[in-house]
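A lone chain, given as structure tokens: the form predicted alone.
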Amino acid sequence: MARVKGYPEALEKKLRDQRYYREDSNPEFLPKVKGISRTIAHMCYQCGTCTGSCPSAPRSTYRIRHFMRRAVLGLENEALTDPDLWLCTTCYSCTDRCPRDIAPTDVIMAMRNLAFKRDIVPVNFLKTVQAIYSSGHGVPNNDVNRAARERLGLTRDPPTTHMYPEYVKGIQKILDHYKLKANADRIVKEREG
């Protein structure tokens, strides 16, 4: 197996190991995932339709079916520490096609919430939180985009917080309420100094 950039060696070894070890299982993990996602994750029978529908799967190592299996088996640490958890684009193709009416995307989002509570979040996601806090956008508008918009006959800024910056304070209030910005700042500082 080729070494994947950014993966700790121990995690690579763990991901190569396909055996199930009872001591790695947390029986509380599936109920937590179900409670947050509000979907019937335990009904997954591993048909693979979710992975077959996923636009990220052909271009990456992300396999949503593996995360569904980890949820059912209670493999909390394996699921939450796998960097692939953050490759889901939340397009909901898997949810649209699941023959059991499960929402695998919501399972992924639940796992991300649980990972965030343990500070297991890629720095680039945290920097997106910081950008949203300051501008209302994960990818703020810039002069290149403004020029392109003008050439297309559009306003320089889209009708969002760029056009109505007075609404940024509302976004900040929501992020402050959930302490998302404060936690993002803390984790980025811990990792980058």
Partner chain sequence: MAEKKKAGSKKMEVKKEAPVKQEAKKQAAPAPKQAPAKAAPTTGSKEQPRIGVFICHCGTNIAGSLDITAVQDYAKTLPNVAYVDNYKYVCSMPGQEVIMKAIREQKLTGTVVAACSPRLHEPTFRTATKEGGLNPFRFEMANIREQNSWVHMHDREGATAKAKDAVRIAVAKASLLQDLFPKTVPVEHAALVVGAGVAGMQAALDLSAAGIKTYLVESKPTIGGKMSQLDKTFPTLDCSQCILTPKMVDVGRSPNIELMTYSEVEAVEGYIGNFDVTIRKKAHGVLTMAEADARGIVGGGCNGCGDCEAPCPVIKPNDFEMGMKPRKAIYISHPQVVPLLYTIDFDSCIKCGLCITACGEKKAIDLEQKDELVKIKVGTAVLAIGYDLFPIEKKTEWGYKKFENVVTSLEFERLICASGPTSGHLVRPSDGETPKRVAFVLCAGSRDNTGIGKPYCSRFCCMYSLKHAHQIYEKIPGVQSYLFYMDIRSFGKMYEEFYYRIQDEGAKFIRGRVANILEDPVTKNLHVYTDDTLLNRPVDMEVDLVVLAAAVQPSEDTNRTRKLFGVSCSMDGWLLEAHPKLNPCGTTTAGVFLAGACQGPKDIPDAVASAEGAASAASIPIHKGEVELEPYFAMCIEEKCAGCGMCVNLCPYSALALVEKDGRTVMEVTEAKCKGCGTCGGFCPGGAIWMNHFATPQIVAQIDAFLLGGEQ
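What you are looking at is a predicted structure, and each value in this text was computed from that prediction instead of being measured. Residue numbers count along the first chain shown, from 1.
Note that the form predicted in complex with its partner chain isn't included here; everything after this is about it.
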When the contact criterion is heavy atoms within 4.5 Å, does Gln46 count as touching its partner chain in the model of the complex?
yes
Since only the chain is shown here, I'm wondering whether Ala41 would be in contact with its partner chain in the model of the complex (any heavy atom pair within 4.5 Å).
no
Would Gly52 show up as a contact with its partner chain in the model of the complex if we use heavy atoms at 4.5 Å?
yes
Check Val72 for me: does it contact its partner chain in the model of the complex (non-hydrogen atoms, 4.5 angstroms)?
no
Which of these residues, Pro58, Pro159, Gly153, Gly35, gets a heavy atom within 4.5 Å of its partner chain in the model of the complex?
Pro58
Contacting member of Ala110, Cys98, Leu87, Ile120, with respect to its partner chain in the model of the complex [4.5 Å, heavy atom]:
Cys98
Pick from 128-136, 145-153, 62-70, 162-170: which stretch has a heavy atom within 4.5 Å of its partner chain in the model of the complex?
62-70
